[in-house]
Every structure is written in structure tokens, then in C-alpha cells.
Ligand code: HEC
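Listed next as C-alpha cells is one chain, alone, in the form predicted on its own.
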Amino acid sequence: MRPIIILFALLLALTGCHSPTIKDEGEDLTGIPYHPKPYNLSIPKGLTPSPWLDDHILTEEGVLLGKYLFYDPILSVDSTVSCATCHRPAESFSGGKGKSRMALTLLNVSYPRSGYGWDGRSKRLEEHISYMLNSTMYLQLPDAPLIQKRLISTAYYPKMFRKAFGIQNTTEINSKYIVAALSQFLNILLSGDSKYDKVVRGEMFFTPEEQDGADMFFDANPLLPDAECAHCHIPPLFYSERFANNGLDSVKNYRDFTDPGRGGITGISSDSGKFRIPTIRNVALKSSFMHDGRLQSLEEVIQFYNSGGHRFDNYSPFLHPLGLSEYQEHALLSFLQTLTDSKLRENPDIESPF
């Protein structure tokens, strides 16, 4: 009897050693239907479709998964920070500050072609999402096994990844699909239906003060000073592909810039202190401004540009003391407020699901 018991125990041990555990095998998802539906993206009348869409397909399932991941702190190293922590929806999907830089707005994020981030370090949107997820300054995405374990442990993510990308097993959940889902969600963050846009379409009119502000913004009235805005913030997206030193810092040489900006990527001295020119759509919703958030109101921003900033060798040629009166500063502010897109803020597809 004793040899039989020993043999049985030995067989049991061998079976336990060589049979894959449920964890190793993952969970089969093929029983969940995979029938992705194209997402009906509404392009604002003033915008053309993003070139990004030429190579990508948006689906309802992919956008929904991306929205969940955007608002969920599960992707950060300690599960306390989400994309939305810094890219705050109430502040034009911008606002939170990392170690030294503010989060750029994500509105119309798929349009830039000269690079992503304040310094243009990433060539493509997906590349920049991956950088933000893995950077030690931002989310620090946990290693593959850990993030996979986290997502699998939820009741909904395995089903959502299956419905969005057709994966057959939970072991297939990885950063490639995370980045793909986030990029789909970000590409529905389109802004182009503000009062300004309605005025351009002939559906509304500016107030006299807003019109004065618009005339100074676009240098359209010889009786008013040129506020030098539209050289860089070019409609309809109100940004440009350039990087510029806007005179924030008083320096004597290129090494004096605390943050080298574009120069830190290109290695070219004359690029030091230059940063991406961001869109100013929905700019009135923000609570801090410039790449490092040093200015706390839009009024401060206007006053800064009115002063002309600090001159240096690579200083933007469009910056100089503007000589705007108090009324003219306020008129310019009134125009900038017409760039607020309330329709975007009411879109349920971009609201937090939690």
C-alpha cells in the first residue's frame, strides 16, 4: 500500500509541475462577439479631417476603451495618476504640471506634423503617447506582466479589449493596444464650433469689443495696433508648426535657459528656449499659461505680450512692446473668449466613465 501512495503522490507532484496554471494560460475571450462599429466622427465645419485619419480607423469600441484608459489611474506606476490628472477636461484637456512643464492641450491633437510635446520630441501621436506612459516624469507604465495583471483583474477591461481589437486571450493585452485605444480617444477631441467659428460662418456677430479684439489679433484695422497674434496662432487651428522663444526668460547666453526646450532635442544652441506654439482654442478655460505655467491668468498673458518680453538672439521677431491701452487689452481678451467651444464640453463621449 505504501509504494502505491508514494507513486500517487509523485504523479500528482509531476502533474502540478508541468500543467500550466490558469494565470499562465490567461482567459479565453473568443466567446465574446467581435464586431467593431465605425465611430461617427463629427468634423467641425471649420476644420478639414486630420491626416492621422488617413492611416487609422476609429471604432466605437476603440474610442470607448481609450476613454476608460484615459481617465483610469490604473496605468500609472502607483495607480494614483491618470492622463486626465494633468490633461484636465475642464481646462481644455491641459493644465496639470509635471516636474517642470505644463500639460499641453489635447484639443485637435492629431493635426501637428512637426512633432509632439513642448519640445517636439515625438514624430507621431502614438509615439508620444508611449513616451508619456513610460516616462519617469509622467505615468511610468508598470512592466508588461504587472499592467496585464491589473487590467485582467477588472471585470470589464478583458471584454473591452476583445471588442475593440479582437484579441482571443487576456494574455494578448499589451501596451500596443493601450496606445492604440488612447490614440483613438484623443482623436475625437476636436474643437471648431466656438462663437468665432459661428461668426466666420455668418451665423453670429461679434460685439463691438470682440470685433476690436479680433481686428487687433488679425491686424485687420489700421486704426488699431497690431497685437501680433495671428503670425503664430493661425486659424482655423490657431497654432503653427513652429517652435519659438517668446521672451519669457531673461538670459545672456544659450546655456542660461533653465529648460532648453527644442534645443534639448535638436542639440542646436539657437533652438534653446524655444517651445511649441500651442493652439489657443478654448484658451479661456485654462488656469495657468506658458510651458511652465508661470502666468496665472489670460490677462497676465496679454499684459506680458504687451510688454514685449525679454530680448535675446533667437527671440521671436513678432515680439515687441505693443502699446495696447487698458481697453485694447480687454478687447483682445474678449476676442480670445470667443474661441471657447461649449459644444465640445457637452459631448458625452469625452466625459469620464467613472
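Just count from 1 along the sequence shown to find any residue number. Please read all numbers here as calculations on a predicted model, not as lab measurements.
Beyond what is shown, the protein has a form predicted in complex with the ligand; the following relates to that form.
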4.5 Å heavy atom contact, Asp215 and the ligand in the predicted complex
no
Glu228, heavy atom within 4.5 angstroms of the ligand in the predicted complex:
yes
In the predicted complex, Arg255 touching the ligand (heavy atom, 4.5 Å):
no
Spell out, yes or no, whether the shortest heavy atom distance between Pro278 and the ligand in the predicted complex is within 4.5 Å.
yes
At 4.5 Å by heavy atoms, is each residue in His87, Arg101 and Cys232 next to the ligand in the predicted complex?
yes
Quick one: find which of 202-210, 154-162, 168-176, 114-122 has residues within 4.5 Å of the ligand in the predicted complex by heavy atom distance.
114-122
Counting any non-hydrogen atom inside 4.5 Å, which residue from Leu190, Leu133, Ile147, Leu237 sits next to the ligand in the predicted complex?
Leu133
Looking at Leu29, Val301, Leu64, Leu285, which is the one with a non-hydrogen atom within 4.5 Å of the ligand in the predicted complex?
Val301
So which bits of 231-268 sit within 4.5 Å of the ligand in the predicted complex, heavy atoms only?
Cys232, His233, Ala244, Asn246, Leu248
